[in-house]
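Heads up, what comes next is one protein chain in two forms, each shown on its own as structure tokens, labelled structure 1 and structure 2.
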Structure 1
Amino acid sequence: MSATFPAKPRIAIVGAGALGCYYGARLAKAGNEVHFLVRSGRAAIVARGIRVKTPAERFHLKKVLAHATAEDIGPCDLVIVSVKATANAALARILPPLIGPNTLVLTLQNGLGVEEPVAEVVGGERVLGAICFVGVTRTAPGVVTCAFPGLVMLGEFGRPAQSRTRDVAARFEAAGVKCEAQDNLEELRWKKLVWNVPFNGLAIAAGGVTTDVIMADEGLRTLVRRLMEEILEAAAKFGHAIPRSFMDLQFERTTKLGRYQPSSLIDFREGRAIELEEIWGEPVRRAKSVGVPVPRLEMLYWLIKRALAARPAGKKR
């Protein structure tokens, strides 16, 4: 495979949810050839394009290259996987038609162990992963609101950053997305869990609450911090020393989100599958494997599992 990324890449976005629409629209607006693989809402996106609203701007991507199948798109230079990890079983069918000799596959999925399913399909040497510190919501097909643009941190699967990693990061930067290439992707995954575990989890377990409610409740805020501390302790056992100041940064960022619905809460309310194992189950198992007790995380994992089981039959998709 080539070690460099082409100056004019052909990009495929697998999934037109909040992240796929937001980053795909930004990349297209910056002049890249971006193709969207859309499972639902394709007619609306073709007819009305993609609309993006951020604290600093609004823009409308009128012409969107939206496709129903990967075969319609064909091989690309960069494939960005923005579907939920719960849909990974379909990757064996979706990804092969998008792969050429030098294709890179970047997964934006949350949780631990999400690069492995991609690597099984396309080969680990192609795989990159990214952690998106962002607050973005899809309100309708092709309509997204970004409350907190944040940043993207990306790395290679099982390798330090390469020149191609920095080239991909530069492509995001040119599209108006703050992006950094990092050497330790696994550490980035643990860092993202510091926010995802408590806020996505408690939003569901506390009865369907938004982040402002969690931040305003002293008991929930304390539980958030304790959950964060358990993640830091587990990460340290795997050689990832995340400073405690990183927890404070998450509180600062969350305050700026206001009345924000974490993505897992939205999926839970709409009856969709959530990344139960990737965000809560796998961290529990990995912590136990190195002898780190995570009682609060384990309890949260089981509470979410019970909440999922208690959903009405029509909402257990």
Structure 2
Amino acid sequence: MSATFPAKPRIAIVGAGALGCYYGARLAKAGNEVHFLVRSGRAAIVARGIRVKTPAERFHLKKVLAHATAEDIGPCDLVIVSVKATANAALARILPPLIGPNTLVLTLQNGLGVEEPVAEVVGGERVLGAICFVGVTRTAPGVVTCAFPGLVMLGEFGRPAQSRTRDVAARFEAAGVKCEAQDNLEELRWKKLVWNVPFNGLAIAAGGVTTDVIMADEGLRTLVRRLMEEILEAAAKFGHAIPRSFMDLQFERTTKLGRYQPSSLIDFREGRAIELEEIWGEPVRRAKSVGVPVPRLEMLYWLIKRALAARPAGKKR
């Protein structure tokens, strides 16, 4: 694992959803050898490539290396896991053929406890994680619109950033994706929960509402703050001192979003999988494991779980 990370790495993108298509296409366009492992919509991507639209540009990646199996791809320098955490059971089968002696595996998944399932398959020492602050939607197979390019915060699983972390970040930067190597991935994940837990959660549990509705409702707005406080208290017990001013920042940021539909609400409405365990379940379990009561967070978890169970068959979790 001490080899230098190559300047033009061989990259596998596991999953061709919005994130996979967007980052994969950018990395390919920058000259990297990018292989996509695509479960559904592969024929369309092979035939028509990947089209990306951003506020600044449009581009068309005509020739896409799209594969049906990991064996067809073989070992890579970097494997980017961009399937939802809810599909993680398949990783034990998908990842091994992609791993060589120096392969790094980067998961872009949301929530807490998403590096662990990857580490179980490939070993923790090659695992990286990233938090993607980005607004990107897939409108058809291989067709993505990026409304908000944002940035990627990249870190090592259980370790501070290393030279290889900065190397990977540099490849993203070279591909036109703002990317920062960070020393404390775990803390970043807790910080992202400060927004995701209340807003993604209440958007679903309060009957399908946008963030402006939550902000305008006195009870829900107070509840958001109480949920944030529970997250902060739990994070603090794990050594992550998130200042209370970070909560205020979230409120300010959310006010500016206006009538915003959190991604989990979109997924919920469209019958897609939701990271129930990673965003709500795992934080509850971790908080309880260190004796921090999180009654509202747990209640929210149960209500979302119930809402998911009530969706039509085949659309659950």
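The model shown is predicted, which means the values in this text are computed figures rather than measured ones. For the two forms, the rigid core is made up of the largest set of C-alpha atoms that agree within 1.5 Å on superposition. Here, a residue number simply tells you its place in the sequence of structure 1, counted from 1.
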- Chain form predicted alone: structure number out of two: 1
- Any idea which of 94, 186, 146, 49 is the hinge when one rigid bit rotates relative to the other between the two structures? 186
- Angle of rigid-body motion between the two structures, smaller part versus larger, in degrees: 16
- Angstrom displacement of the CA atom of residue 257 between the two structures, core fixed: 4.8
- Query: By how many angstrom does residue 272 shift at its CA between the two structures when the core is held fixed?
  - Reply: 3.2
